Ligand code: URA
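So this first bit is one chain, no partners, the form predicted alone, shown in structure tokens.
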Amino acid sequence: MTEPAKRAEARRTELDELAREIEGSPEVSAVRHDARLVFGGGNPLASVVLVGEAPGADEEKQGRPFVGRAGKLLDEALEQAGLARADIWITNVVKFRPSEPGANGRRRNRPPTGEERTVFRPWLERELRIISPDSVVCLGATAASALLGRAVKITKERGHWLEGPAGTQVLTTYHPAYLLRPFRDRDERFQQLVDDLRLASRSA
């Protein structure tokens, strides 16, 4: 086995153990309400990590982050930026689907609460320490605010390097779900997402 393969295996083992710890955490159980845990996925040796806010219905069903419509748009942005899922690690701050009752008895997605983000932040920081990326890209203000511990406005701070926990270099950008909405400058902001991902890859 090559040295990179050994390091990847060791990190994968640590990440699997972390997922089991989260699964059995009383603090997580208190806010999770039996929702399915959706842990991060990708390359444990990744130099770039993408962080979203929380999984949605498609992610909960498949047990993987960013696999729904927003995930497909993210894949398109990654491709244009010269990145592939196999090269990066993708995760969320909150690792279960926050939901609430909706129409016709179906549950609908909701933003994670402050309590949920607070409970999961130490787990996210451990996940990042295991992978030890060169750069972290926060997708959306919720993820950026949770990781940085302060309110973040994407329109003002996207595209700029910020210092995260333990000296982590953090770049904030638009969440792909936001770009699924129809608005006048959507294409321009999608290109900004691509540019931010490209910047992160070049800085790694």
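Keep in mind the model is a prediction, meaning the values are calculated, not measured. Quick note: we count residues from 1 along the sequence shown, nothing fancier.
As for the form predicted together with the named molecule, it is not shown, yet the points below apply to it.
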request  = Among 47-55, 23-31, 151-159, 166-174, mark the stretch whose residues have heavy atoms within 4.5 Å of the named molecule in the predicted complex.
outcome  = 47-55
query = At the 4.5 Å heavy atom threshold, is Gly42 in contact with the named molecule in the predicted complex?
reply = no
key: Members of 88-105 lying within 4.5 angstroms of the named molecule, judged by heavy atom, in the predicted complex   = Asn92
